[in-house]
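Read the single chain below, which is given as structure tokens and is the form predicted on its own.
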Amino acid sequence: MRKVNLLSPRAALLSLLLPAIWISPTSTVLAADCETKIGAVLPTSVDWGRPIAETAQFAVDLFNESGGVKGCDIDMVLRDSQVDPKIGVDAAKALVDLDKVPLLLGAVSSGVSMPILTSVTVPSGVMQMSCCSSSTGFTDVAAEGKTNGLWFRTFATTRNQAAVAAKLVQDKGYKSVGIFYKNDDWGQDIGKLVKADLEKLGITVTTSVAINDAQPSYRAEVTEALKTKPEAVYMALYPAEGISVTREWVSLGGTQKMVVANSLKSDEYRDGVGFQYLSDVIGHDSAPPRTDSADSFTAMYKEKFDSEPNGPGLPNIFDAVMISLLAMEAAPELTGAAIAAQVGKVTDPSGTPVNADAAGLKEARALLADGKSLSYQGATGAVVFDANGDVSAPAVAWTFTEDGTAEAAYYPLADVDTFIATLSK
């Protein structure tokens, strides 16, 4: 069976002395005669993070079924970040120093991905591909030449997300908004951008409140925000603190008119707050395009997991894995720099279109062997990275249902870009 190596950062030294512990919750693939390791730092200890890790392993299994990388199975060594920068960095160091991985998938949360990038992957020459880090800070670091071309992400930046959030507020007709944002790289970035976009649209921002991790109560922050009497609130939080803030807000009489970031698109948040209090919530997220390749991913996912891929980051991690492994197949050697140099070859708009299924991956391998470039067509469509490793994407508005989420509106990429252009005038 396919193997997923789950090691905590604290178990890194023990892994040198004890046999590895292998878990195979979803796979049925027989191993090849050789294996190549890659690393993944993902938040498996939180409810919404486990499906991201499972989808990453699903993509690895599909790639192995089609022949692996250079004839060898890929072994994804997975470590839990716990959405904690220190733990994430420790996990990444273990993967790079002990497992000698040339490629790291992760992390989730810009606040975890950034210190991994600057203190682990770039200094070690390891390529890093994130599914779920959107801060524009990465664009700035890349533009300054500080990533050495080793950084990529399949998730649209907070520039896109903030604009869509502002559009949802505008479309709802709200005249004043209070903002709660997570006090990390991602939260600070999107909180600042949403505030600026709302003010550009003539909407009053009554308050902008930073929310720190793991506080026993957020009553003081909520009480201060309530004094400003916003008509609606915008929340860019993760489920743990999002549940606490929302409970405090509602219990103290705050408005239930809310616009929320994709980070709260989870059963954990809905169930933790209570669906009955979330009927006026609308959320935003990047969206797969309306393409055959996106439909194919949905069909494969449903067949594998018997559920819709509704959680945050699932199509993005699928594409992050597939693009990375195709780049490994194309690379003359399995070093971070060599793999990163081939990302453009497998996501070339003028290349031969290939889908992320068994037949498409076999075709991709043959084309690469002939020295041809590919236009990867995946769960998020035809992925194309700019010079800073960024992508753009369509967007979707969503609402909660009793057992999941439902799409409320779809915004094609051209519409998103046009709206952003109006905000820039």
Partner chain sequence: MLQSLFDGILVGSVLALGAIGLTLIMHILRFANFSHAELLSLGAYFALTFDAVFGAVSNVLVQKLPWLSVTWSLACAVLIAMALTGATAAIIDLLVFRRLRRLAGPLTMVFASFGVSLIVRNVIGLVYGLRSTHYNNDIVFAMMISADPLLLVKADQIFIMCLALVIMVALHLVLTRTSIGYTLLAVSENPTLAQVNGINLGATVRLAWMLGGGLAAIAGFCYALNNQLSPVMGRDLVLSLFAAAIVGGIGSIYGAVLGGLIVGLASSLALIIIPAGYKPAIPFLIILATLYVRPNGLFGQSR
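Residue numbers count along the first chain shown, from 1. All of these numbers come straight from a predicted model, not from anything done at the bench.
As for the form predicted in complex with the partner chain, it is not shown, yet the points below apply to it.
Enquirer: Is there a non-hydrogen atom of Ala214 within 4.5 angstroms of a non-hydrogen atom of the partner chain in the predicted complex?
Expert: It does: once the partner chain is placed as it appears in the predicted complex, Ala214 has a heavy atom within 4.5 Å of it.
Enquirer: Evaluate Tyr277 for contact with the partner chain in the predicted complex, applying a 4.5 angstroms cut-off between non-hydrogen atoms, and reply yes or no.
Expert: Close contact exists here: in the predicted complex, Tyr277 approaches the partner chain to within 4.5 Å, heavy atoms only.
Enquirer: Is Ser244 part of the interface with the partner chain in the predicted complex - any heavy atom within 4.5 Å?
Expert: Answer yes; at least one heavy atom of Ser244 falls within 4.5 Å of the partner chain in the predicted complex.
Enquirer: Would you please decide whether Asp189 lies within 4.5 angstroms of the partner chain in the predicted complex, comparing each non-hydrogen atom pair?
Expert: Judged by the heavy-atom cut-off of 4.5 Å, Asp189 is well away from the partner chain in the predicted complex.
Enquirer: Is it true that Ser375, Pro412 and Asp415 each have at least one non-hydrogen atom within 4.5 Å of the partner chain in the predicted complex?
Expert: Negative, none of the three is within 4.5 Å.
Enquirer: At 4.5 Å between heavy atoms, only one of the stretches 263-271, 108-116, 324-332, 194-202 reaches the partner chain in the predicted complex; which one is it?
Expert: Going through the listed ranges, the match is 263-271.
Enquirer: Check each of Glu224, Asp97, Asp306, Glu144 and return the one that places a heavy atom within 4.5 angstroms of the partner chain in the predicted complex.
Expert: Of the candidates Glu224, Asp97, Asp306, Glu144, Glu224 is the one lying within 4.5 Å of the partner chain in the predicted complex.
Enquirer: Does anything in 234-253 come within 4.5 Å of the partner chain in the predicted complex by heavy atoms, and if so which residues, in order?
Expert: Residues within 4.5 Å: Ile243, Ser244, Arg247, Glu248, Val250, Ser251, Leu252.
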